[in-house]
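Let's start with one chain on its own, the form predicted on its own, as structure tokens.
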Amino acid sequence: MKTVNRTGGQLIVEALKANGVKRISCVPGESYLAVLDALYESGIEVLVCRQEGGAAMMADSWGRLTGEPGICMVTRGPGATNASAGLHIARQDSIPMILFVGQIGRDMKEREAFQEVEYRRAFTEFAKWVGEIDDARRIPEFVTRAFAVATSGRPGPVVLTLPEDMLVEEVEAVEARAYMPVESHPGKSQLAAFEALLKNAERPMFILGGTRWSEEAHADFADFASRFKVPVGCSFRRQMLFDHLHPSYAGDVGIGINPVLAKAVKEADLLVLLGSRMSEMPSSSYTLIDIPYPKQKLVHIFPDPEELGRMYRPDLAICAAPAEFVAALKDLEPPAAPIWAERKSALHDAYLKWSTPPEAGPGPVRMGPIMQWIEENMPDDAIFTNGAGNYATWLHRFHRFRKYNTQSAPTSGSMGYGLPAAVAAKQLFPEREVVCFAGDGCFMMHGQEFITAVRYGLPIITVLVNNGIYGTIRMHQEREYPGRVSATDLVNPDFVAYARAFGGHGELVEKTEEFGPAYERARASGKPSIIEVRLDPEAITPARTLKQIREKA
């Protein structure tokens, strides 16, 4: 093995380059100055952010859109705890990510030194592995392992802490080599069992979810669905995994599921979970599938054996990554006359009806026609990002995703995600349109990262739905405690002035018909833009107003 004499900071950067890293996000800190210095002439692009949570969410978005670990660097103590918001998203969403944290000197441990945290205790619930590199000679080993852990099985985040004094030591160490990805494939007997179950089913249903997909797998599964004429749904915030205008698409198995689709899932005699864990949100609080013994015959395909049988006892468990399983489906031949075509068509028709935006609504701004304009004027490869809130219902229900890698949204339901995710997406795909949907409450969680988009010339467009309330909480509040409004009203800045003050473009929409021209001006500006849409708070959902929810309660 070839060895080199390097400081710990240099070894970190060389290990990143050996593993193909082209970009990182960070908020700088004195605890890892040696790494920042090593990055100076490394060729790795550094996105300097304004808050560690936003930096971690950018890394998550890179991991989500590439399948390779997104890299984030932060300083110790408050820097690391700020970043934990992005860690939690990556953990629940199965996104490969590596967070490097500057740490106190090794000789200061256990004294509650300045900003000291013991990260193995603090971050065990947030990460697949938390390691601390005490010896600079072991940096290549630790970094290679971090990439392997983050991408293998069920992907997720890894945390590596870097003692400040370790980073400045010069040592002789082995030259870093790239990690070796680990794939898991279905066996021949498992494929035969799957084929038998499918061909004997009268009411099969496929639900796609999770990570470890690829553009090729996306296309190959669409071909499989066409040949077998089976109905297909997508798990919560994984809608980009299947073309919504494909005749097999049945809809989004997520929050506010179409009742027709929910009924079909419950009545299926064969349910195939491909890459999906079917946790609380996609399972409608664990009501679509009985735990631990589903009424439906269940085939569960997942790349991590620890998830197979964890909640649902499957009739057939296949430990395989979605992309590898889909590749194996090419060899299966459909029945001469599939009996599922009529049911598949009925479910697709129900989806088209469910996803047609309503014309009416309270107030001078109606989101239904705005969504219709977006559907008619967006390229199929546009990337949509969002955080959490009732505003996201308009995007999730009424936007018809057509292509792979066009969605970056947290299944964990974390507010504030949309803007940093959009910054990361535009940096990764500068040639594609990137649209962030945000509520007024959601945007203000990480709105400061708008300046990051300005600094790096990333012309994202943010559709900021401003109703002056924490909408989701207010909706629940009116349902559970009608008329007793507490802690859900907001006071907001002038978002148009906010955009312009940061050097971006701002637009205000106070009437429905103003949205299209405002969007076109934002697009033509070539700048990061905010389009503030002033929405009546009564328009809390596409189907019911706050008043109707209150009166029913």
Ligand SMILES: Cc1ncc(C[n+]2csc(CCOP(=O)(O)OP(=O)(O)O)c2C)c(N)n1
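Predicted model, so just to flag it, every value in this text is computed and none were measured. The numbering used is simple: start at 1 and walk along the sequence shown.
The same protein also exists as the form predicted together with this ligand; that form is not shown, yet it is the one meant from here on.
Here is the short version: of Asp252, Asp440, Asp93, Glu478, the single residue with a heavy atom within 4.5 Å of this ligand in the predicted bound form is Asp440. Out of the listed residues Val265, Met415, Ala225, Val149, Met415 is the one that sits within 4.5 Å of this ligand in the predicted bound form by at least one heavy atom. Residue heavy atoms within 4.5 Å of this ligand in the predicted bound form occur in exactly one stretch of 383-391, 214-222, 311-319, 111-119, and that stretch is 383-391. This ligand in the predicted bound form is approached by Tyr470, whose closest heavy atom lies within 4.5 angstroms of it. Proximity of Ala173 to this ligand in the predicted bound form falls outside the 4.5 Å heavy atom cutoff.
In the predicted bound form, this ligand sits beyond 4.5 Å of every heavy atom of Ile207. Taking non-hydrogen atoms only, Met445 approaches this ligand to within 4.5 angstroms in the predicted bound form.
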